[in-house]
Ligand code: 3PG
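Next up is one chain by itself, shown in structure tokens, the form predicted on its own.
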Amino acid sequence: MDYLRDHELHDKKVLLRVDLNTPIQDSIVTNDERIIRCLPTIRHIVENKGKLTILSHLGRPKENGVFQSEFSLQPVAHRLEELLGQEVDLVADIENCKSPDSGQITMLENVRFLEGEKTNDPVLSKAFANMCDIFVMDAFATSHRAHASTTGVISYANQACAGMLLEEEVNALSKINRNERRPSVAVLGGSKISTKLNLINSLSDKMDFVILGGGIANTCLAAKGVNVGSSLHEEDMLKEALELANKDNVILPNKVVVSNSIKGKAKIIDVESVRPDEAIFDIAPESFNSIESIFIQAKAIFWNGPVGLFEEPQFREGTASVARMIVASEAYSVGGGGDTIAAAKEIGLLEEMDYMSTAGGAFLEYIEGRSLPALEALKAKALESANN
């Protein structure tokens, strides 16, 4: 695919798709991580005197062409102005979204207000393409969605390329997918095995060790006949979980942190000793002692999801232990997903990871080895340009 740094931008109309889908409370952005991560691309375009128009979505409004104030990008535009020290002109509708002057910034309101966005309507895709000389796709987090503003526009734009964040994401995740660094380790947590089964199977096939925690591990333990008490697990996934748990390179916890309730007193026990009225809320740090050498010897580590209920202090230490072993290792470490970022930030080790992806679904699908529509469209556009 083509990349932004290879394009001349001076006086060019540049349409930039980023992912500014951020949490907002009382009209204030409460976590600006995604905004910060796209600043290098925005600054590059502005400093090279491109005429920049920004596209993004926010939340899941009704796609009916009607402005919905609770999903407005106004708080995002305001935070972007603060970070850039430059005015960002928020435009309410596509008909009135005119190209700004060179080095200036316009932002179109939430693209998911527009009819045809999520259905990848060609009329809307062409309308986006007509707004620019160059389309820049920098929203890796939405690259698994074949929407008008992420995929359809690429086909109709005169030129299309990947922005700096998308390039960064693909380069980092490709190092895990190529699996050239061995031994390799995957640490996977989360509540439901059903949402990550394909990912776990994919990683268990290509990585040397897969360490499971959270509800995912609970379901695998239950499938093996372990009494998990009232722990979160999926009864209807036991067959699939047993196949996974029986793989030689899949590691389940042998010591866990249990309690009668989320706010109850926590205690560490052997995984075989969970009582019917107890629930597993975390992996005990002692459970990692026997596998510490795996992290020490690893050359690549992939992390997705906390291994316990890290939001509660008494159930945070398992995830903290994993995070500390990851950053202490000399391995190339990649993490991703909202809960993973939140956990690493809470523990104070976010900056110690080699790479932390801003994406969720796209991140997981890419690691699974699935094709992402926006990336395929960029590759097709690059091939088309090379042949012309």
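The model shown is predicted, which means the values in this text are computed figures rather than measured ones. One rule holds for the numbers: they count along the sequence shown, beginning at 1.
The next section is about a form of this same protein that is not shown, the form predicted together with the named molecule.
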Which one of these stretches, 25-33, 40-48, 54-62, 329-337, sits within 4.5 Å of the named molecule in the predicted bound form when only heavy atoms are counted? 54-62
May I ask you to check whether Ser72 falls inside a 4.5 Å heavy atom distance of the named molecule in the predicted bound form? no
Distance check, Ser287 to the named molecule in the predicted bound form, heavy atom within 4.5 Å: no
Is Ala141 one of the residues lying within 4.5 Å of the named molecule in the predicted bound form, judged by heavy atom distances? yes
Tell me, yes or no, whether Arg145 is in contact with the named molecule in the predicted bound form, where a contact means a heavy atom of each within 4.5 Å. yes
Among the candidates Arg112, Arg316, Lys196, His233, the residue which, in the predicted bound form, approaches the named molecule to within 4.5 Å (heavy atoms): Arg112
If we check the named molecule in the predicted bound form, which of the residues in 349-374 reach within 4.5 angstroms of it by a non-hydrogen atom? Gly360, Gly361
